[in-house]
Each structure stands twice: as structure tokens, then as C-alpha cells.
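Have a look below at one chain only, the form predicted alone, in C-alpha cells format.
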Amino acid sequence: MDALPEFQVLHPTTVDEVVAARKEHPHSRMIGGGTDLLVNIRRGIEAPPVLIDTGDLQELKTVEATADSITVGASVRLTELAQHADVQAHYPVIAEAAESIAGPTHRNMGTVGGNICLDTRCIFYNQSEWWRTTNDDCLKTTGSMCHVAPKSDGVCFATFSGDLAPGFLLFDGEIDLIGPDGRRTVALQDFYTGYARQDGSTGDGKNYMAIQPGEMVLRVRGKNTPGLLTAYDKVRIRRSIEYPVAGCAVALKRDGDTLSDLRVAFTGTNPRPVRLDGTEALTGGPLTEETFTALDDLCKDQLMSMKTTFTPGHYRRRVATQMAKRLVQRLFDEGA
């Protein structure tokens, strides 16, 4: 890694000051913990002239979690979210996801907003500048071709790997934004615009969020359903710090021997987090081998085959599917 380039750091203390600073410096970047952004700057992936530090925004550092809903400010540290007693009690999938992110020092610095807006990456993009130029820059930087999928016709296949989004998607998450045109709320499902599957969806790994110029994330919210059991799991090459090869969040409800509700979401497989469509068709009866076969079919249809530095493309989808099956079985047994 090279030395950091010069940049100016601003320290606003209110949200309105952030909006004004973003308007004055349109090429600025927001920085919370900096655990991802500063690495990208050092690698020469980007070079913003101004960084706007959100560390002094007290209004974005609150966590409210009840049996009915959860609201988490964008500046909440990941360690705080993982250890919050009410989150652990009512939303264990979110606490587990936060606890699984990187290592303890990263979680002490990293923020919820940073993980929700985590930059997409691939084995070509997430390298030093000299490495990328020797291999011809990728579509997401200054090149014209996606090296992951060379025949993608101008679409970037960099992968989203944030851990928190799948958990919030299980609770029909929403995200609150503020910008030059005021405040707005977007369904988390619509906030991510990268390909959910290879079906001609709009957006890609380069333009993977529906955030407008000058906007910033205020908080992320979700609504609970009584009786839901939830859990999160992930597979990574190095368990201590690595981004997920694949991560899976599951929520289900069991009434007697009947699977009455099922929600499954993934990260690390597509240019966006994916909440599986069609899981409602798997409910209304007992958990059987036919249920798992149908779940397998949904995963094959909606999860991409994305290669990593260490694994072939089909491995991600296969391991994600197996994690989903394992979590579904575990939670169903716990609900007995």
C-alpha cells in the first residue's frame, strides 16, 4: 500500500452541517470508522479531496430495539450493536451479524452506516493501483471491462459483502436518508440496485445503491413479527477478519409441526444483498425434504455463481445454500 494522498477532513456536529458540507464539496466522501474507505484510498482505488467525519453526530448514535421494532443510527459502532442487550434479545440475527464482522478492532471503529453502504468488491477491484493497472483496470475504476464477467456487456459484477443488510431485510427494513432535497425513507430492498439475479435487473456492482448525490444515511429500521426465530451464519477464508464468501440470515416461525413463516437473505453472492423471493410457498406444512429441495431451487435461481481468489464460482452458491438449509433446520428444531 502507498502512503495516503492529501485530503481535508471536516468535523460537523449536526446533520444540517453535514448536508451543507456535502453541497459545498460535491466530491467529498462520508467517513465513520474508515475501516474500508481508508484502505481503498491507500490502495489508490479512490482519492476524495474532502472527508466528512460523522463521529460527532450524537443524534446518529442511538439504538432502540423492542419486541415490535428496531431503529439503529448510522454512527452506531458495530461492537455496540453486537453487545446491545435488547438487540440480542429481540433481533439475535442482527447482533450475530454485527459480531461476525471483521475483527474486534474493526468492530470497535466500524459503523452501522458504513456496513450498510459497504463498497462492492471483487478479486480485481480490491487490489493495489499498480496491480490493477498491470492487469488492465476494471470497469468499476477506469477500465471498460468487468474481469469477473468479461462478456457482461458493460455491467460490473463486484459483490456486495456487508453483513448487516440481510438481517434487516428479514424485518422489511427501511433506511432514512437526508440530502439537499430533504429527508426521505426508502425500503432497504429498493435501496440496493445491483443485480439480484441474471434476469436483466437494473443496476450493477458499480452503481449498487439508490442514494442520491449529496445524501447521507441517517438510520436503518425494521419491524418485528411475534414468534420469529432468527440466526446468521457466514463462511470466510480467514475467520478472524475476512469478508464473507457467503453469509446467510434466516427467520422462521413454527406453529406445532407447521412451518408458518420463512424468510431467507444472503450476502456475498450478488452485487446486492438478496432476500429470496418465493419462500412463502414453502410454508403452511411440515419441514420436509421437499421443503429443502424447493429451497435449493430458489437459491439456484436467485444466487449468482461468483468466483473468489480462493474458490471457483459455484462454491459461493453451494455453500450459501447449505448454510440456509442448516439454519432453517436448526431454528425449526429450536422452535419445537
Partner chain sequence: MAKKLVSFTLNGRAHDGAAADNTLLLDYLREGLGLTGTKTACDGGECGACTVLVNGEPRLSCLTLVGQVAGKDVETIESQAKGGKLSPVQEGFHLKLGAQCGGCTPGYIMAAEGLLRGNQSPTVGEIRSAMGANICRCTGYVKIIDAVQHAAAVMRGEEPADYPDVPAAQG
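Residue numbers count along the first chain shown, from 1. Note that the coordinates shown come from a computational prediction; the quantities given were computed from them, not determined experimentally.
Heads up, the form predicted in complex with the partner chain isn't pictured, but that's what we're talking about next.
> If you check in the predicted complex, is Arg326 within 4.5 Å of the partner chain, heavy atoms only?
Arg326 lies outside the contact set for the partner chain.
> Given that the partner is absent here, does Thr105 sit within 4.5 Å of the partner chain in the predicted complex, heavy atoms only?
Close contact exists here: in the predicted complex, Thr105 approaches the partner chain to within 4.5 Å, heavy atoms only.
> So, Ile70 and the partner chain: in the predicted complex, are they within 4.5 Å at any heavy atom pair?
Taking the distances in the predicted complex, the answer for Ile70 is no, it never comes within 4.5 Å of the partner chain.
> Is Arg29 close to the partner chain in the predicted complex, meaning a heavy atom pair under 4.5 Å apart or at it?
Residue-level check for Arg29: no, no contact with the partner chain.
> Work out which of the listed stretches, 298-306, 284-292, 42-50, 269-277, brings a heavy atom within 4.5 angstroms of the partner chain in the predicted complex.
Contact criterion met by 42-50 only.
> Given that the partner chain is left out here, which of Lys253, Arg221, His84, Arg77 has a heavy atom within 4.5 Å of it in the predicted complex?
None of the others qualify; the residue that does is Arg77.
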